[in-house]
Structures are given as C-alpha cells and as structure tokens.
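Consider the single chain below, provided in structure tokens and representing the form predicted alone.
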C-alpha cells in the first residue's frame, strides 16, 4: 500500500538520458505545458525588485496580537501574509470550549467570530496585500469577506488564498470530527462562492505540504494532492460550474525538503501534469486554467530541535531550490519551528534568507535556469510518469471519498511515518546533529535562549469569548444558525448562510456544530456544549 521506492539515480546524465521534445514537453516560460513556469519573464526596471511574494507563517494569541505581528512583518520586508490558526481553531472549536483551554493562542491565532477577522486585519491594506490562510476551509474565505466589509474594501479586490484539504484533513491535519463529505461540501461551496464574489482570491489551494510532512515521498505528495484536486474539480463540473470559471484560481502549495533536485523536478513535473490534465481531461480552454500557480513552504519536518542553527542552513538551501523551480511565493520554516511557533528573531532570519536569495544570488533573475540540464529534465520526466501512475492506481481502487472514510490514506501516512522514523533511528537517513555529526547536549547552546521561550495559553481570550457569548442577541444568532441548517439540508451553497450567521454573531464552533447535525453527527462530538435555541 505504501509509496513506490525511489529508483537508484545514475552517477551522471548525458543527452541519451532524456528524450525531450521542446514544444511538447517544455515550451518557453509562460507557454503550454508551463513546465518552465506559468508566466513569461519580463524586464524589470532598476530598483523595481523581484516578483516573488515574500511571507512568513504567523499567528499567535488573540487577533490583536497577531495583527501586531502582521504589521511588524510588513515593516521588515514581507510582501504577503500567511496566518495560521491555533489548534482549537484548526479543529473548529471555540476558545471557551472546555477541551480548548490549554491550547488557546499558543500555536497560532485564535479566531472564531466575524469580529475576530476584522481585528486580525485592522490597518492592513487588503486591496494590496495578499492574505493566505492556514485556517479551516470555508471559514477563512467567509472571515476575510467580513473583514473587507468591516474595513470598507471591495471583496472583488481581495487577494490571497485558503487551503482546502478535504480528503486528508482528518488524517494529516487537525481532528475536527467532520465527515469527508462535509469537508468536500465546504470546499466546493467556498470555491463556487469565491468565483462569484472574490474573483481575485484563490479559494482552492491544493495543500500538498500537509501531505508531504506526513512523511510520504515526493511522488505520493503530488499524487495524493492530485487525487484530491481532481475529485474537487469533478464535483464542481458535475454541479454545472464552468471549469474556466474556477480553474484560474486553483493553486498548489507544495512542500520543499532537502532532496534538492527532486524538489525542483517535482514542481516542474507538477506544472506540466496539471496543464495536460486540465486541457485534455477536463476540457479547460482558458490559458489561465492550465497554468497553475505554485507556492511553497519549506519543510517544518526537516527542522530539528538539536543543533538548531543548522535549520538556518536548511531553510536557505530549500529557498534556493524553490527559487530555481520558479515558485510564485514562498515561506521559510523558522529555525525555531521544531520547538515553538516562530519568534520575532526567527521571522527576521526567515525574511532575510528570502531577501538574500532573491536579491543577492541572481537565482531569481532567469526563468527556469536549470531547464535543459540532462539530470533535471530526466528527473522531471520520471516524476511526471510516476505521479501519473500513482494517481491512476489510487483512482482505480474506487471512490476516493470511500477510501478516505475507510482509512486507506491514513494507512499510507502511518506507514510512511514509521518508515521515516526507522530510517532516522538506524542512520540510513542522515540528519546532521541528530544521527551524524552530533555535538554533546551540554555544548548545544547556540540560539537556545531564543528558541526555548514558551508561549503561554491566552487564558484571557477564553473569558472574553464567554462574556461576548452571554451578551449577544440570542434571537439573531438562532435565526442565523437556522438558515444555515435550512440551506445545508436543502442542497444550497452554504457560504452565503455561513457569512450571514457569522455576521449575526454566531461563532465558528456553533456554525460547524449545525453543519455536523445536517450530516447526522453530534453537534459537539465531545458532548460538552449545546446548540443555541
């Protein structure tokens, strides 16, 4: 069931190693099949800067504290934002839920209300800064829509993205006790909603980062991602949505680990595979539907808690790989990410790493600078073929939602994690500072004083939400939740009702509880809170 093992690579490559037809397999940057990048390079005036969106994953405590982080990052050279929710938020759980208490705000920002999104983006130029969200699908789009409304921005001008992992959310992310069909419903409804109301926003980021940091190899990272992406595309087409209406706003968020050339070839192969799939299989005709934007986050799983300074080198190497692969936006895992959410100092190092790579190395000056290299082209061909074979194998097993519900994908991730842990333990996977080139713990002090400062749970946030809940107009809340239930059971797109419920001061936990009931699940799987009546 596990992923195929990686074949041995040759010691060197020659022209005989590849059989590339330039027009068919490569094309110029900005041309089908987009192997070399989705945009034609353009001349930049002196001092104009690079086109890469520089950002850092951030979020901590209540929305107001994270808002301060956002302003700090923008003041120090970030050109985009990526917000991550704390564990309760990722689990669709309000901060005053009894099981959320000790995790509020210490691994991301706590957001559960429409007003929280308004506070999160206070003073941020939402019409100019792209805002990406590692937050529950559907709620991120609804929250940003309400924030724009609160701050007087036209939702049609909003840029950014939201990740949507409907098939694998329960296996590789945070347990939210939602059926896979409800994850799919939120994904497809939010894509359709955004295509009408937020046309510049990417509501469908196929997030293979989560998949990859489940320890699978590059082939399974992309194959599982494409399986999920293809299922969502099929469902949207089946409900009558024109593929060229939503496909231009699909994006990939990939992981980048330490196998330098494999990561570059993976991105090139994925752009080509996507273009061919969308044109030949799904009938897309708009060139923007064939050219998928690729963003990347460097691998948190490659960061180590031992000899932390080595993580700075890892982040820099991964940043170079991503630049050579032509990603549109990147985030560098902070050197302290193996221990805590990124500190301010680690953010500065991450931003500085991206600036050095983009502005000093020249790596971003030429599109696809490794194009034509025999090894890179051979590896790109090999990965495209193996990813396609793996997709066909999985889809050949039957309905992918049923596979997810039956635990098929969970078994793949479990097996991969065991294998990786064993490789590190027995030394077949060298990790500097962990199983090779180790230094004694007593001497492993570099950067320790910065990384081991713990973030306390935001207990004051719990009291704030409890007081807010008690002071609301109960009739409006109940009416908003009732409409959400009616639309969900009636088969309508739930997004307008979800936005309306949040506007009526329902919380995220209350909204998801109602949606759970529509799918014959308990309102609160932990049995601690009841639906407002």
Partner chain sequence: MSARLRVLVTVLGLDQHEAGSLAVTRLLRDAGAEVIYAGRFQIPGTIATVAVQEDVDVVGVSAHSWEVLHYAAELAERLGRADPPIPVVVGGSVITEADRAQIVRLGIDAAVAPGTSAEDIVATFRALAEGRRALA
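If you're wondering where the values come from, they're calculated on a predicted model, not measured in any experiment. Positions refer to the first chain, counted from 1.
Just so it is clear, the following notes concern the form predicted together with the partner chain, a form of the same protein that is not shown.
Proximity of residue 93 to the partner chain in the predicted complex falls within the 4.5 Å heavy atom cutoff. Proximity of residue 75 to the partner chain in the predicted complex falls outside the 4.5 Å heavy atom cutoff. At a distance threshold of 4.5 angstroms between non-hydrogen atoms, residue 154 is out of contact with the partner chain in the predicted complex. The closest non-hydrogen atom of residue 389 lies beyond 4.5 Å of the partner chain in the predicted complex. This chain is displayed alone, yet in the predicted complex one of 166, 80, 114, 457 has a heavy atom within 4.5 Å of the partner chain; that residue is 457.
For the options 419, 196, 382, 244, the one in contact with the partner chain in the predicted complex, meaning a heavy atom within 4.5 Å, is 419.
Partner contact region in the predicted complex: 98 to 106, out of 98 to 106, 266 to 274, 364 to 372, 236 to 244, criterion any non-hydrogen atom within 4.5 Å of the partner chain. Contacts with the partner chain in the predicted complex, taken as any heavy atom within 4.5 Å, map within 340 to 355 to 340 alone.
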